[in-house]
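First comes one chain, alone, set out as structure tokens in the form predicted alone.
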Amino acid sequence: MPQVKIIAKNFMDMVASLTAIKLDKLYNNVFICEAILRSLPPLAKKYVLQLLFTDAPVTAKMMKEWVLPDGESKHGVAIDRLIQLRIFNESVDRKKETCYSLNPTFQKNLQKHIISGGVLPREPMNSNNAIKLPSLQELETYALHQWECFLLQLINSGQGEKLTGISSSMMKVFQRGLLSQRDRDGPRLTESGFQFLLMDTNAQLWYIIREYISNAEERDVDPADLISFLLELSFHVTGEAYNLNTLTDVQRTTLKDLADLGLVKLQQGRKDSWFIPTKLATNLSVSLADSSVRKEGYVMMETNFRMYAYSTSKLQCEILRLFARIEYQLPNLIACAITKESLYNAFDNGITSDQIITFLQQNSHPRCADRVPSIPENVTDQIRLWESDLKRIEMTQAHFYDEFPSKDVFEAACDFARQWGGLLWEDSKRMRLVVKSEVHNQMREYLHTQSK
């Protein structure tokens, strides 16, 4: 039974993984500094603001006195985060006490931003240029449609259909963990791919963005420059038009890829071309932990394992099909049932019972979401029981050894197999043992040398 779990990190996790030189380069941008300040835990924000106009280092002992005794764990998390991001520089004074001071580049730019006030990375285009902008509602509908089309392409490719309308950069993102390509078969969804489809939209977006940044160097793009541009994009105004001529060639290519995800809408005029950020783009600098606004749920689960999804979305129907049997579909209603067979199929694809239950809870219809529990307990218990059925027997390739010449040789062989992590079973009385196939060759050579 596969046990794979994919984790979607946010921008700040990726920023923390950059080298010290690239981090210092990022902190030359005031928008990066503000975005990072937004993302910090509350206590870490407090420390940054308290030290922002302080030039002298502050001892760790003094900072510890700023919090109550029950806040020591949060204090430790805040300090660790600030050091990871190189916002805090750690040093030792003459008294051999640990001290902290703000990164000079970060401190200088954040001071400037707070005192002088922020300005947009680039000014919106003049509305008198015959630019017909979509309304915020139309823009939100566009972003949702693009994102659903993107995910449907992933599902269809997992069913052997060819991906169409996806840029080569996005195709590489798909192939980095979500899809697998075999010699004669078409691309297939991996275990991570199936799990990805059950994640909420915010987590899915972060996973895709993370992978997109991870393979930036393969496209001859500096990951630090890409992170900087994406964070700048989050400070643009949703629904406003920005001239593409203000961007570099790399940034324009990036925007074409982001348009596949619905982060921006590209438009062409007679003379100029422009892009319009959607909410997906302007929320990029918000931490995953701050996703307090959730979509309204659409799933109603009954105690008889029947499920009704009030939706017109083809994507949501395909996602439900991952672990449920679709019985019939009306214009605004999908009727389905969770069965043992449908769940076994989901488990075989790498989806776990906890992921299915979490998905149902996160997408519960408002009339069910207020109930405790929102999903009937007999349903959640049975889903977990059916998963445990598959874990009763585990098949392992192994080899059986017997007829040892002496007790000493048998015990030495057991110790050897144990050292290699390959001992599965032993019978001391009859001098028999079973080892994993992976250590069979080493075991055979060892016994051959012992027989000489």
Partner chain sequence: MVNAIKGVFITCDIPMAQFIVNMNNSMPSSQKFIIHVLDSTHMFVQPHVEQMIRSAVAEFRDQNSYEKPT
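Here, rigid core means the biggest group of C-alpha atoms that superpose within 1.5 Å across both forms. Residue numbers count along the first chain shown, from 1. No experiment lies behind these values; they were computed from the predicted model shown.
Keep in mind that the form predicted in complex with its partner chain is not shown, yet the notes after this line are about it.
- When contacts are judged by a 4.5 Å heavy atom cut-off, Asp55 does not count as touching its partner chain in the model of the complex.
- When contacts are judged by a 4.5 Å heavy atom cut-off, Ile393 counts as touching its partner chain in the model of the complex.
- Contact between Lys340 and its partner chain in the model of the complex is found at the 4.5 Å heavy atom cutoff.
- When contacts are judged by a 4.5 Å heavy atom cut-off, Lys22 does not count as touching its partner chain in the model of the complex.
- Contact check at 4.5 Å (heavy atoms) against its partner chain in the model of the complex: none of Cys99, Phe196 and Gly350 pass.
- Proximity to its partner chain in the model of the complex, taken as heavy atoms within 4.5 Å, picks out 385-393 from the listed stretches 47-55, 29-37, 61-69, 385-393.
- Looking at 400-432, the residues that come within 4.5 Å of its partner chain in the model of the complex, counting any heavy atom, are Phe400, Tyr401, Asp402, Glu403, Phe404, Pro405, Leu424, Trp425, Arg432.
- The Cα shift for Lys436 between this form and the one not shown, taken after rigid core superposition, is 2 angstroms or larger.
- Relative to the superposed core, Leu49 undergoes a C-alpha shift smaller than 2 Å between this form and the one not shown.
- With a cut-off of 2 Å and the rigid core superposed, Arg38 has a Cα displacement that falls short of the cut-off between this form and the one not shown.
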